[in-house]
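Below you'll find only one chain, the form predicted on its own, shown as structure tokens.
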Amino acid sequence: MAAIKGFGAYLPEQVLDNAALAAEFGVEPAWILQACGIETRRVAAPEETVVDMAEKAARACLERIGMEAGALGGIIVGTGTPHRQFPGVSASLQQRLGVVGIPAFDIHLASVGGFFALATAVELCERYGPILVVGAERMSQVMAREPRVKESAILFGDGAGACVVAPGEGPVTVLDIKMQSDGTFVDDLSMEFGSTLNMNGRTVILQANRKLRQSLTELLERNKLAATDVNLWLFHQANVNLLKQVGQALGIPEDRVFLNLPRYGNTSAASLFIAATEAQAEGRMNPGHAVMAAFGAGMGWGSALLRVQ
């Protein structure tokens, strides 16, 4: 058994609103809001790297739980936008935190990378001790590349989130977790070296809807729970319309689904931990059951059942 000791997040200061994007693409701001439910996004400063954001989220998490970096047994970073081909964001983060000799590696997957990093940490923490898990993305740099397509350019923002996973029970105990992949649709959400994002929106939404519903249904059934038994639902913040579709299909009460997508956009692998950080800060993590779920490149997806003390 493993537990999440706490969360932390970092978001850049610069805000990109719908008015600016609407002017660029010749559409109405209302069209953007209707298409994805996003009102504003955060954009990293020109000199701000994905490592900078990962470090700030990691330090915020460690400070919040009162843990020194030297107590860590490993570092896993989920990202689709590393600052170089290799070594990964995790190596630079390890250097900055000054923790030599522990394993540090990236899971290079957009959107679902943070969740896969979490699932991996749950398995590894028993052997290595507390694992720092970070999701960090600088999507603005990717989306600035030509050709800019309005259907994808309106979606993404920058940021980082983090958590620490340790063996045993804790404030947020991981009761059950699963991750899955399906390479059938690998080209429908992809990015070649030096290019912009390639996304077949129709296929991604369809597959995300089907696979998340299946994963969550199986998670609830094998733990003998109904959707209404879960106090808080934390999803990868991809698209409001998608989350509503999944929620309605499973009978999830709308007020139990945490949303910060309208404020930050889709921060890819970082979004799940940013959402968890804010949900906890807002007092939304009440004692009882919570669920995390994510979907992304690969195509990969997964879900986790949590018990909050």
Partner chain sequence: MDIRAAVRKAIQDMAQAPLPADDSASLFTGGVIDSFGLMDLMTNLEEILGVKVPDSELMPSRFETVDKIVAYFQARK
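Residue numbers count along the first chain shown, from 1. All values derive from a computational prediction rather than experimental measurement.
If you look for the form predicted together with the partner chain, you will not find it shown, but the lines that follow are about it.
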Candidate site Thr120, Leu124 and Arg127: all three near the partner chain in the model of the complex by heavy atom within 4.5 Å:
no
Out of 209-217, 139-147, 71-79, 104-112, where are the residues with a heavy atom within 4.5 Å of the partner chain in the model of the complex?
209-217
Picking from Leu259, Ile252, Leu242, Ala44, the single residue whose non-hydrogen atoms come within 4.5 angstroms of the partner chain in the model of the complex is Leu242
Just to confirm, with a 4.5 Å cut-off on non-hydrogen atoms, which of Asn231, Ser190, Gln95, Thr203 contacts the partner chain in the model of the complex?
Thr203
Even though the chain is shown alone, can you say which residues of 47-67 have a heavy atom within 4.5 Å of the partner chain in the model of the complex?
none
